[in-house]
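Consider the single chain below, provided in structure tokens and representing the form predicted alone.
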């Protein structure tokens, strides 16, 4: 696997000899995009921070990985922490930061001891005074959002805030900050040192009704048939969920896993989380379970998400239990659109995508529940 290859600090040495602008130019040329879900060019984000004048700058590695069904970052931290740490050092050196934080989800705290050991080892070997600290999150899904991470590290409640200013201009402690996830930063040294580095390779977290779930490294453009076959389905697959926030599509063997195509279906590929759902599962039940998750994880800051998530769950439970009518489905759809269009951050904005796409692709299952009355 490409993601498991190591630079042995050769990329760090090469980056130190280059001007920051050259490092950024190289990453943009290589096509390194963010792997946290937004796919924003890493080099462009770094450039904003580089050009922001400040006495201090920071780098944050997002290792919170709170999206249900996602476990690729854990895989990297376990199997190739050296390259991750090297990527963080390169990011710091490029934008002029002397301090970095790894925001590690609390469920991964058993990885902290070894990761701390690797950090000390790599920093000593790299002969640098850059400081990397690990901050344990408290299991809050909202802290996957970049401004909420900033608030959490500052010791405040993990809630998002309005942008602009963007973190690359005014972030942690009011200073320019770049935030990249684990997979993005682990790819930085490989993109710098390897001429044959492939920007289209992605780590897919594959789970669901499968006999062989796990992490699979595949290029974008791979067919759903090929990827799902690796997981060895137990029964016929009828739907694919892209985590909880990315929505769902019917399983079409010929469809390609491509961000633009997935977006065209009303879904979002995001961090390449794939949950396979077979024909024995009720889409209505799955949607209700996910709605419970979002209702629980709403940070409560904005009214659409805070109040809307509770109302949505109430409607879905009514439908799931067979007490609803067709008007309830219509109301559910309207409410989802309001929450999507008026919530403050990405959590609220994407919290109804799984419902809207399920209604679009599996509406008959919702209507069937309403006919039970």
Partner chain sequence: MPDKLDKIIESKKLLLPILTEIQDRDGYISEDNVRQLSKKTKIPLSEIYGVATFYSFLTTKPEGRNIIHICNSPSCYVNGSLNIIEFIEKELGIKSGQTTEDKLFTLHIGSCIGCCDKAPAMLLNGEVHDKLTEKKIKGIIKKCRS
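From a predicted model like this one, the values you see are computed outputs, not experimental measurements. Numbering follows the first chain given and starts at 1.
What follows is about the form predicted together with its partner chain, which we do not show.
Chemist: Taking any heavy atom pair closer than or equal to 4.5 Å as contact, tell me whether residue 164 reaches its partner chain in the predicted complex.
Modeler: Close contact is absent here: in the predicted complex, residue 164 is far from its partner chain, nothing within 4.5 Å, heavy atoms only.
Chemist: Even though its partner chain is not shown here, does residue 117 get within 4.5 Å of it in the predicted complex, heavy atoms only?
Modeler: No, residue 117 sits far enough from its partner chain in the predicted complex that none of its heavy atoms falls within 4.5 Å.
Chemist: Any of the heavy atoms of residue 346 lying within 4.5 Å of its partner chain in the predicted complex?
Modeler: Contact check for residue 346: no, nothing within 4.5 Å of its partner chain in the predicted complex.
Chemist: Consider residue 158 of the chain shown here, and say whether it contacts its partner chain in the predicted complex, taking contact as heavy atoms within 4.5 Å.
Modeler: Yes, residue 158 sits close enough to its partner chain in the predicted complex that at least one of its heavy atoms falls within 4.5 Å.
Chemist: Tell me, which of 82, 258, 170, 297 has a heavy atom within 4.5 angstroms of its partner chain in the predicted complex?
Modeler: For this set of options, the contacting one is 297.
Chemist: Report the stretch among 84-92, 148-156, 176-184, 222-230 that approaches its partner chain in the predicted complex to within 4.5 Å, counting heavy atoms only.
Modeler: Of the stretches listed, the one contacting the partner is 148-156.
Chemist: Though the partner is not shown here, which residues of 95-120 have a heavy atom within 4.5 Å of its partner chain in the predicted complex?
Modeler: Heavy-atom contacts to its partner chain in the predicted complex: 101, 103, 105, 106, 107, 108, 109, 110.
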